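One chain comes next, on its own, written as structure tokens: the form predicted on its own.
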């Protein structure tokens, strides 16, 4: 019986994501055509530092369409069905293709599954693994008895692992980080989105710092959860609660 190792890999992305977003914003507020702005970037007349400084001001605003011009495609494996049910609830600016339990049959009385660390900490992991083994054996018996995989899968637990390819634009990537990097999010989806952030940082480190929980300096800048939840969060030492913000800045309007 195999406990899976979670993994996220960036499979495809624009040649220069930072430049794509910068040119999109500057096109809206410049007399120059986008071709000329991009030419100046490619010739080194507009530095990376200048683009980052510009985006630090503009990414937190309500002007979202430039962030939608950059798409990242990821391969994801080892995510439990519990967490995939949470993940696919994000549906704007993101598309998924997920391994089917209807058409993919697990063989050899075995299936990949996720073990929450709390079961290990509680000393109950042996009972957990025993239950997975029992489910796997019954699943195999069902297949051997001629029950189709689409019906045999009814005995598989929520811990069964799945594989997903997904493509997400940068605006939605930031929005998911708002929710899923928050300390109130469940451990598994936090782990996966931290890996997703790391993969973006591997190819475009300038954009990584913008991928934060919603209390981050480039997002809301404060916690909007209940005061009780805020007080239990380790980030409360460095981030304010919404009740501590006397006035909130007015977002810069979009280009239209």
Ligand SMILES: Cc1cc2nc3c(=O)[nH]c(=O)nc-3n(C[C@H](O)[C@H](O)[C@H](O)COP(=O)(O)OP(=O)(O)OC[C@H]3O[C@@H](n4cnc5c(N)ncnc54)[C@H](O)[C@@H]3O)c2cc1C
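Positions refer to the first chain, counted from 1. A quick note: this is a predicted structure, and the numbers were derived from the prediction, not measured.
Same protein, other form: the form predicted in complex with the named molecule, not shown, and the subject of what follows.
- For the options 122, 145, 130, 92, the one in contact with the named molecule in the predicted complex, meaning a heavy atom within 4.5 Å, is 92.
- Checked against the named molecule in the predicted complex, the candidates 179, 167, 98, 77 yield a single residue with a heavy atom inside 4.5 Å, and that residue is 179.
- The named molecule is not shown here, and in the predicted complex it never comes within 4.5 Å of any heavy atom of residue 153.
- With a 4.5 Å cutoff on heavy atoms, residue 137 does not count as touching the named molecule in the predicted complex; it lies far away.
- Though the partner is left out of this view, residue 81 does not reach within 4.5 Å of the named molecule in the predicted complex, counting heavy atoms only.
- Heavy atoms of residue 184 reach within 4.5 Å of the named molecule in the predicted complex, making it an interface residue.
- Contact with the named molecule, judged by heavy atoms within 4.5 Å in the predicted complex, is confined among 154-162, 168-176, 114-122, 99-107 to 168-176.
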